[in-house]
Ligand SMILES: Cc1ncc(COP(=O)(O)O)c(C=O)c1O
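Before any questions on how it binds or moves, here is one chain, the form predicted alone, in structure tokens.
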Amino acid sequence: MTFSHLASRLDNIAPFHVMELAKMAAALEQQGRHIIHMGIGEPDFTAAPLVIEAAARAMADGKMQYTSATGLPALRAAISAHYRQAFGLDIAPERIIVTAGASAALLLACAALVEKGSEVLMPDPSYPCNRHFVAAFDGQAKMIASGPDQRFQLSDETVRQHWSENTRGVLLASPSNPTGTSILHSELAKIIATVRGKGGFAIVDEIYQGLTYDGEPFSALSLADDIIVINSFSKYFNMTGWRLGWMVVPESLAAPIEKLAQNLFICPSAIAQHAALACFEPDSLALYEARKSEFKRRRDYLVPALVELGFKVPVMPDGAFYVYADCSALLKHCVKDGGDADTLVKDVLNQVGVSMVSGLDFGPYTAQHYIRLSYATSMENLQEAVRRLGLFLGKNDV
């Protein structure tokens, strides 16, 4: 069988260069090279011991049947209690939809709100899949150049400037992938008010919310209850491969989202859900906070080290586990003249075995001159990576 005609929406979905670079790194490892991975954003910590034990019990007890499409009632209640304890927010469990990862939550939100011709505003740079979720439902992501002066985020002013008759809403991430920067609370409040005034929707991706290092814990839900907030068990809770997340929706959206979830996903993984209940045990939460402190320690080492090497870090990342660094001054070290950030990361990978990613995936505005480094690896690996980068850049004393 041949497929002579593919859906035209595929033309609007680009390859994921991060994953392509990961394949290149894996090929080098197969040749016997030692590679330090600072490309893919995946915690080097695994699920907490109580979570693993809960998963084993669920399997032993045969708790592997379908659950409700919206998730186990006990898990929805536990997430609700977490919002109360961590942020002082009273979020009804009925507004919480457990999903097959944050990606499923974003897909459900876009399925409910985006249609052909819908325009959704988001910053450039931003996580590439976000614009592709919009494209999957025949909408158009309008990428707005957002530089260091805006913390690489949308501002209320840029939302007002770029809102058009086709604009239906905004998709924000705070803290952000790839930049690790958050939207200031006061600015986010203005954006939400502006979007509400225009009759639009606001989706706020908070999957790195638990990994914020400066200031008090904060959720956009403290600003409004008519927005959609996305979260995940992958990052703060260290459950990347378990594919479990959640979304908080306005009460009026709960039934439409449930209908979509029933048809598109049936339900999230039953085992992952039973295991995730243990995330909220005091011992697990204490462990996550200790790991968060370790991520902060890594950030506080890596950012000055990169600056010493000649990178520019115009905005200190206050969350996630990424540094978004301007490599403009270092492109002269590329093997071929006229290289850009993508050339640089490939040269570094091939010559000294450090895997990073360029800004190519995250939008055209910063693609040529920025790289993203993940510090979701051990301090020992970070120190060795800095040493190798020093060798590549001819700074042997580093």
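All values reported here derive from a predicted model rather than from experimental measurement. Note that residue numbering follows the sequence shown and begins at 1.
Heads up, the form predicted together with the ligand isn't pictured, but that's what we're talking about next.
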| item | value |
| --- | --- |
| The ligand contact in the predicted complex: G101, any heavy atom under 4.5 Å | yes |
| Exercise: F311 in contact with the ligand in the predicted complex, heavy atom 4.5 Å | no |
| 4.5 angstroms heavy atom contact with the ligand in the predicted complex for S232 | yes |
| Heavy atom of Y127 within 4.5 Å of the ligand in the predicted complex | yes |
| Partner-facing stretch of 276-284, 109-117, 199-207, 138-146, counted where any non-hydrogen atom is within 4.5 angstroms of the ligand in the predicted complex | 199-207 |
| Listed residue (K296, H132, H82, R243) with a non-hydrogen atom within 4.5 angstroms of the ligand in the predicted complex | R243 |
